[in-house]
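First come two forms of one protein chain, each written alone as structure tokens, so that there is a structure 1 and a structure 2.
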Structure 1
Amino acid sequence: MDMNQYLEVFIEESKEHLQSCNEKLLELEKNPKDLSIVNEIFRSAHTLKGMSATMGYEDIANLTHQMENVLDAIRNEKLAVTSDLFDAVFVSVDNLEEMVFSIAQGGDGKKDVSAVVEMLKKIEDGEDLNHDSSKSENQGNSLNQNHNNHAIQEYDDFEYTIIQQSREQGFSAYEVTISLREDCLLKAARVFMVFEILEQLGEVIKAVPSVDLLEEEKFDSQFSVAIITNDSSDDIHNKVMKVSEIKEVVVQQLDHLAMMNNQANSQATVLVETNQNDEVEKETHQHVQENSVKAAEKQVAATSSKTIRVNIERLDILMNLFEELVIDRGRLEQISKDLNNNELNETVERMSRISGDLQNIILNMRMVPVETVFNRFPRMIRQLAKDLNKKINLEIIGAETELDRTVIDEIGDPLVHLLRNAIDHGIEMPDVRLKNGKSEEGHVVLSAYHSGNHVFIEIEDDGAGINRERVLKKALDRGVVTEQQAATLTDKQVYELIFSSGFSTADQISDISGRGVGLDVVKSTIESLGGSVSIDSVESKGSKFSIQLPLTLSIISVMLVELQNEKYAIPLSSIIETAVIKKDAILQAHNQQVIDFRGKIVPLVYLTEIFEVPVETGNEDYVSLIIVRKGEKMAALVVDSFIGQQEIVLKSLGNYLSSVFAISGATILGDGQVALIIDCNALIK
């Protein structure tokens, strides 16, 4: 069988399972007694093992098999969850991720995992654990757990009545527990075959897990069925064992009196339960059951959701085609305007409305929750905290906020830089925090939210903040600012100096940060996306980095302007307003032309000079201006005339023209002309 056709699905599903493992392991670390979480991790590992074995990736299958053994020991309470155990399992997941990403990049997915497998085996054997005294107790508990796993345990009144009536009519009730082989690939098919046999023997009254979950393979390798039949337990055992890939079949007759006694004992146990430890165990057991039910409900809900998985390349092709349509729409609007034909005007207006709706749908399809990027950070923070011997709590808010996929692809690295800086430079060591009257554990908040046509991502920490004098001293030493300039800088302007190239206030270079690279790259990456980054900080209280990003980059709204005979586009997101002023209103300040704009002095920028446009006409009494902003700074761009607002498709200038000053791209207009798109951020210093 050619497995290449399944490769894409394998890679995507493997990534999802590994992400789930990472998230659930972090959750388990916080709630080590919640065994339902272990079950979820086990399911992901088990599915990954089956998929990789089917696809022929033996190293992945071997490692997941050993990881599964450790998880199995945890859920059967043979192993206690410890920091060492978590580290080992996290290392295993890292190795698995490495192999899956290798396959995604065209590799063979092979890796020497013998050391990790050996480490897991040692943990499984309990070599690094000192729980000998409690071992026998744990083993006892595990035996009970195993026994419980083999039993359905509970029957409701209706089922109990059926069992009772059947017994009165001479039938017997059995609980049949079927264990599938670990290498069973078609579990649902085996379940179907078992049910077919059992239904021929009698009437199935209950299954655990439920039939829906069994059909969807939402179980590990074992399931139980209650059946009423005239056949003997040996007949049931022998017939079910004829199904291939079945490891074990246990048939137990349901004793009516025993069931009554069990129920009575169970009720009595609840009534006389006074021991505090027993109460804790009961609460834990109930919690596990509730979580199991919730997990099962979530799984059922997930399977019934009406979504399909679409290759992102197909969406890119659809987007490219739509961009061509937007250009043609502009062309049609221009022709319709020139011809001034009513029928044509109406048709073009209708087409514009429909294409506008289509544009919204396509853009929404490309929106991806920032969760896809944020998911990787909890694990990274955990490792950094361990490496630096710090205690850090990461809080994520607004992970469901959506951004265009092209933006999502780019913001991962800048966020990694900012988080690493916050943890390395921002959060103090636990003893220092205690001395400063703070809690031992540092708090880092990563949040995202929508506002207008932008998405804001903020990273806030309650660490040491930025020391203004220290930053200024470094800036003066490096010649980034002069002493005269330094005296006039506000706190915010001083903090922004750390975005200068090669700037670092770290006294020691570490593997985490402080090499003087990073923040300048963060700033340039975010600005290349049409966004901006700013800093707020209070010394000894903490810092906040705010990133503002556009919702989408492909189709943007612009103001078209004319410089002599050339047309340019200025993004609306940068424009505050347009104005026409008399030449007399232009003032001089520090050898620069400025205007008084609502009480603020705003410098004039002559675009014809910046872009070296040949000036053929001039000397008019009035000047047309577009006031643009970058953060709190403003500039007045001098243009010859305004054309109007339009939606355009942003096209790259390509590699050869990537360094053209203050131009971020180009677009094709309705009349077929090419208009350059002005990068306002580059014009404002």
Structure 2
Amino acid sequence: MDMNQYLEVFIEESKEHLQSCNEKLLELEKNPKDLSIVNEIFRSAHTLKGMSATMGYEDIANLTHQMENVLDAIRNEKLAVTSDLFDAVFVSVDNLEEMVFSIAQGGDGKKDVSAVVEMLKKIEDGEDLNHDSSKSENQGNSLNQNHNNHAIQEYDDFEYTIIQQSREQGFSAYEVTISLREDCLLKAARVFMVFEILEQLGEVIKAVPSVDLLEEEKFDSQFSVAIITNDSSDDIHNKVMKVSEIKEVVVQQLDHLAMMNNQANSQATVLVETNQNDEVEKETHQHVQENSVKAAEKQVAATSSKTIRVNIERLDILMNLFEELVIDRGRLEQISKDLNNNELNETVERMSRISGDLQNIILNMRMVPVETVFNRFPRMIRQLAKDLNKKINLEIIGAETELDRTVIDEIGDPLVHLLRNAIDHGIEMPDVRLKNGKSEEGHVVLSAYHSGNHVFIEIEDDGAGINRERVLKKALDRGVVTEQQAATLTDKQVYELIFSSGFSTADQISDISGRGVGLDVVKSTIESLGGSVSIDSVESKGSKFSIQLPLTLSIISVMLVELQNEKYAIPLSSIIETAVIKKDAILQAHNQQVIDFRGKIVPLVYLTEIFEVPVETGNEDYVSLIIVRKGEKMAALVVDSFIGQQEIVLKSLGNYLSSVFAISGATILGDGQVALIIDCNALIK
């Protein structure tokens, strides 16, 4: 069977399950009493085991299997949740991650996991030897079942009683043997569908191989199920046959068979019988558990079937095509305006609305909550704190903030870097913190939020902060700045120095100044995404790294304006409002023209002057303004006239014109001309 087509899905899903294991484990560490969390971890591990076994990754399957055993012992309260146990499970998850990543990178996913498995076994044994023996018995049992997978050969007392009783109540019992086609690809899915149908018909009392093994696709192509139902054997046959990829369904009335087997059983010795009774109990117990697990999985399956995975490249192509459409839409809108034909107007309006909706959908498809990056940090911080003997409390705010997929993919590494920095160099040792009158536990806040056209991600710690003098001294030693420059630098400029490349290369600097290992890489990565990073720090109080990122939405709403004969676009996200005022309402303050805008003094910015637009027409009595903001600050941009609001496709000016002042890009208008997009942030000091 060619597994390649499933590989991608396998890798994605494995990563998700491992991530959820990590998260839940951290949660469990906080509430060791909450066994429902264990159940969830168990479920993830269980699925992972099944998937990896199907795909032929034995090492992963082995390790997850052993992990499952330990988790099972926990949820059955045979094992206490200890910190040793956590470490062991975390190590296993790490190992699993390593293997999955190796598969993702084209490796074979093989790894010597015997040491970890041994460790898990020891944990399992050390606490409860009995449990382990029962476990192996269980395994033997299921193995046994695995062998006779052609028809159910025996029914124990318990099952026999059920069959008997239900017959008395007018139900019949059938044994249904289902053979899947040889080329059936998703055996587990077929099993699931068969069970779904059977459960609608009546009660499934036994399956050979066990439900467990069936779900893991550990069977050839045939399995048998005992079912109690009202329906006729033909009904069962027909309904089950409706599932595709099934070769054959054989339905047999059970009564005879069961009777015979039972008789054979009762001939066995008393000792065996008691033994069996034990097993019956165990079996039912297992059944109940499995049923509940299955029910839960069914729910998951029901919701997950509503989503599909789409290759990001396809989304990119869709996006590019849509951009073309938006440009043509603009053109159409203009033509219909010029022609002023009612029917055409209506059609174009309708098309605009639909494509607007379409656009929202496409954009949203590309947006991913930053959570997907953030959720790997708690685990990392735990380890880091442990390694460094520090106490750290990580707080995550705004994980639901959404960012374009392309940015999400890139932002992980810089964040890891900054967080490590904050914990390694920022947060002091517990005793030092106590001495300085701080709480023993260091506090790190990782937050994300939207503002205007940007997303901000901040990392704030309450650690030692940055020592201006030390940074300066090292910068001077390294020749990053000159004495003269040093004297004039503001605190903020000094802190920025730790981002300079001179700082990252020398180890002793990072030891003394406390920060600066490879931060230049962080900075360049963020800048390559069109973002920026800044530092704020108060010595002995802590530091704050603030990253500003563009949403990189390639389609944005803008206000088109005219400056003499030139057209410019101003992103709607930074506009507060537009206004037309009389010239005599302009005031002078410190050589700067300002206006009184709703009680606030707002400086005027003459765009024609800033952009050196050739002026042709004379002065008028009125001034058209666009009030824009950058955070708290505002400015009033003076333009000649407003053209109107429009959706535009962001286009880069390219590498050749990479740093044009106050221009963040360009777009192509309906008439095919290029209009430049004004970067309001650059205009507000």
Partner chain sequence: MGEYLSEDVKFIVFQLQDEEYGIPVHQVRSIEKVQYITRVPRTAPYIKGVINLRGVVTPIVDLRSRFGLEEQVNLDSLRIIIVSKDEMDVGFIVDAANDVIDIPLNIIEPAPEVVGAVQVDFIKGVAKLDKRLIVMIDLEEVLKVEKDRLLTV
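Reference numbering: structure 1, starting with residue 1. Source: prediction; values computed, not measured. Heads up, when I say rigid core I mean the largest set of C-alphas that superpose within 1.5 Å between the two forms.
Of the two forms shown, structure 1 is the one predicted on its own, while structure 2 is not. Once both forms are fitted on their rigid core, the CA atom of residue 223 lies 2 Å or more apart between structure 1 and structure 2. With a cut-off of 2 Å and the rigid core superposed, residue 640 has a Cα displacement that reaches or exceeds the cut-off between structure 1 and structure 2. Put the two forms on the same core and the Cα of residue 91 is off by less than 2 Å between structure 1 and structure 2. Its Cα shifted by 5.9 Å between structure 1 and structure 2, residue 354 is reported here after superposition on the rigid core. At residue 203, the distance the Cα travels between structure 1 and structure 2 is 8.6 Å after the core is superposed.
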